[in-house]
Every structure is written in C-alpha cells, then in structure tokens.
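First, one chain by itself: the form predicted alone, in structure tokens.
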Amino acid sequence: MIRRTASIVAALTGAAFLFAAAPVPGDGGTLKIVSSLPRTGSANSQTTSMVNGIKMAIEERGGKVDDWTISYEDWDDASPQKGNWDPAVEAANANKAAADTQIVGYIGTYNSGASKIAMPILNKAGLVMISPGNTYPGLTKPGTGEPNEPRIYRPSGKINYFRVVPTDDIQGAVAAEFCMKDLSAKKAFVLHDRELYGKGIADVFKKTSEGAGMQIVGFEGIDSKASNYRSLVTKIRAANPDVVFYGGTTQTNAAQILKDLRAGGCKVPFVSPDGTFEEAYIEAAGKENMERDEKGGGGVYITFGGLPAKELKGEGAEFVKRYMAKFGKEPEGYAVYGYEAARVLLDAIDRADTKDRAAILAAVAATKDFTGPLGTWSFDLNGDTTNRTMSVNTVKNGKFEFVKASGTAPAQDH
C-alpha cells in the first residue's frame, strides 16, 4: 500500500520485459489460474475465505471449461517478516506468472499497494488480472490519484486490470455521509496509516466531509507498528470530535487505536473502511471496546464495498448457503468477491475463441450484464465494476451487524 516512485516500480518490473504473451495452447490441455493474496499474518482468515470462493467457482464447473482442464494455484504475497503483503514477494509472484505461459489469469491482489507492483509486470505480459479486493481509485481512474496514474500501470497502453469491488472514491463519500447524517457528527478527527489504501480513503473522507460542511479537527498519519497511541488519544480528546475516522486496515493497527481510544476515555463513534471488515478486527480489538455504552456513546462502524453475506439476495443467498454447507461457517466479507472474480474469468475463458492470453483478456474486457451473486453488472472502460453498492455495518455481541445499504445496487436475480 506504500506509495512508490516510478523508478522503483520500473525497477521491480524490469524483468517483465523478458516475457511475451502466451502462445495458443494445443487442442485441449491445461490452463492455469493463480491467485496472489496475503496468506501469512492476520489477513489469512479473510483471504482463506476468498480462496474458498475461488475454489468453489472452479469446482462448480467440474474443474473444466469445454475440453480444457482448469488448474488453480494459491500463492502467498506476504512474508513472515512483515506479517502482511511484501513488495518483493508480490513482484516475484507477478514475474513468475508472466513467465509461465500456461497461466491465463491472475486473481489478486488484496492490497492496493501490491497491485501497484504487479500491474505493470502483468500488463507487459498481456496477462489478465482481476482483483477481488483492491479499492484504491488511482489504479484505474485518471484524476483520482497521482498525476501519472493509472497510465504508469499500463506500459503496453492496453488495459489488463479489472476489479469486481467498488472503489474508495465511492466508499469514502459513503462513510462521510453516514457520519454527518446518521451519527449527526459536526466535527471529525481523521487518522490514516500512511499507506496507499488508508491515506487514499482518508483523503476522500476529508474532502467529502469538508465539502458538506463538517469540520475536520485533525488529520494525521500514524505509525502502524506503534505499541500504543496514548499520546495521540490525548490530542484527539483535546480536539473534542464527534467521530473518529481511521483510514486503514486490521493489519495496520486499527484495533490498537480503538482500544487506546476507549482506555483513554474517548467514547465517540469509531468509523473505519472495509479493510477492517473481518473477524480478525473484532478478535484483536475485543468486543467490549466495540459496543455502545449505556449512555449510547461509542460504537464502531465499518463501511464495505457491497453487502454482508446475510444481506445478499437471489444468487448471492444461494452462494452463502453452498459456502456454509461446504466449509461449515459463514463466509467473510470478501469471499463472494473471490468467487465472482473466478466466475468472471472462467466465463471469459469459455467465451474466448482461442485459449491464449490475448483472447481471454479481450473476453474479460467485453464482460457485460454478468449475473452472479453480486447481481447483474458490467466492466466499464476503466476496468471497474458498474456495481456501486455499499453498506455500513456495526458490531453487536461480538458479531458484525448490518446497519444500512448505500449507493446504486445492481439488479438482483430473485
């Protein structure tokens, strides 16, 4: 998620110049799909749910598309040293995928900063990339990030990156609107983890809030490796906000910030984005720090690009039933996006005239009115989903609880 200069990205992606698009395989055979997600560290529970979704999509087709066998490999882009995604590991994964001409699809990444590393490598190789979790707008939308974004990620001049999840320019605005209208907040203290995703969504929250008349009484980046934030809590209490917004993830210490806020007597609502919409957040923070007190103070709220599992309808509800029957537990928030990303890729492989990278990439780009558990949606010209559904969730009795939906919902198959 860390911002990087063009020279660093170029250094990491230089090896990709060696690779050409995959040749057309023979009649029948094996086509490989890989995913690159953080499988080491506290994100593992979330990404395991996503991998389960990918496997379900492949198994439901019998592991084949026509006469072609679909092989799937689950790759880790995290390292034990970081306990989270690692730029060096993600670069190695992308280069490995680019070099293996049997690989026709790359599902990932989970972290937006990781995609900054992988995208140029896979773009040069002509390999389609579908993210089930990236939400940073600058990866696809001109004018929403750095001046050279997203052009720097498309050295071939063509788009090969797509995502099935809505972006933070939508999510940050939904969070700001919820704070002002539903929480009646007039003053907010905004924190972020200084990383691509966290800082990006904090910027959107700040801009939207100020534009609508809410006062931002603090805007600070934190050290996400700090052992405590007691001095920061003192500063926040002195600013007397009505709400604290944190742009970050479970892995960048959201739980510790919340615990220190509550221990320091700051009982205002704590709002965070989808990077905390996972069981690991509740486990790390402790449900006692998430509940509203007897006077109605406190509480936590989490925005999410989509609807939680229990709120999915039609094909979405059927997906949840099948998932629970197979794995014995309710899917985490991003499981359905892993499933949808794999289904879109398999559908494109099916529609492609030839089973080479170029034809499959073209088929993914042509995806229109795709109907699945997320409703009926299409990829736009930037590679983004036309799905704009967002939700706000809270925590009660140690469990996530749906509060409300926001945004434009796709058509649902009932």
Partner chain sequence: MLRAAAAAENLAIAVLGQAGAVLPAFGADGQLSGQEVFSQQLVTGLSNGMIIALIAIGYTMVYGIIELINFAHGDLCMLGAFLALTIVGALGMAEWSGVGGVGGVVLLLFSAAVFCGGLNWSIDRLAYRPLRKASKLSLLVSAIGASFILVNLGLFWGGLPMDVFAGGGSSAAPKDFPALVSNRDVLTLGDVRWTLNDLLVLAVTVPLMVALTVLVKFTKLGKAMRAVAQNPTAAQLMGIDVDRVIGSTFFIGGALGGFATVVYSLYNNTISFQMGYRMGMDAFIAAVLGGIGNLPGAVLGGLLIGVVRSMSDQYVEARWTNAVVFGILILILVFRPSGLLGAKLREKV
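Everything numeric in this text was worked out from a predicted model, so none of it was measured. Numbering follows the first chain given and starts at 1.
The following text describes the form predicted in complex with its partner chain, which does not appear among the structures shown.
- Using a 4.5 Å cutoff between non-hydrogen atoms, residue 232 counts as a contact of its partner chain in the predicted bound form.
- Within 4.5 Å of some heavy atom of its partner chain in the predicted bound form lies at least one heavy atom of residue 82.
- Although the partner is absent from this view, residue 203 stays clear of its partner chain in the predicted bound form, with no non-hydrogen atom inside 4.5 angstroms.
- In the predicted bound form, its partner chain lies farther than 4.5 Å from every heavy atom of residue 298.
- Only one of 283 to 291, 304 to 312, 174 to 182, 143 to 151 places residue heavy atoms within 4.5 angstroms of its partner chain in the predicted bound form, namely 283 to 291.
- Put simply, of 49, 42, 367, 387 only one has a heavy atom within 4.5 Å of its partner chain in the predicted bound form, and it is 42.
- Just one of 212, 99, 324, 238 comes within 4.5 Å of its partner chain in the predicted bound form, counting any heavy atom, and that one is 238.
- Residues are counted as partner-facing when one of their heavy atoms sits within 4.5 Å of its partner chain in the predicted bound form; in 213 to 243 these are 219, 220, 221, 222, 223, 225, 226, 227, 228, 230, 231, 232, 234, 235, 237, 238, 240, in sequence order.
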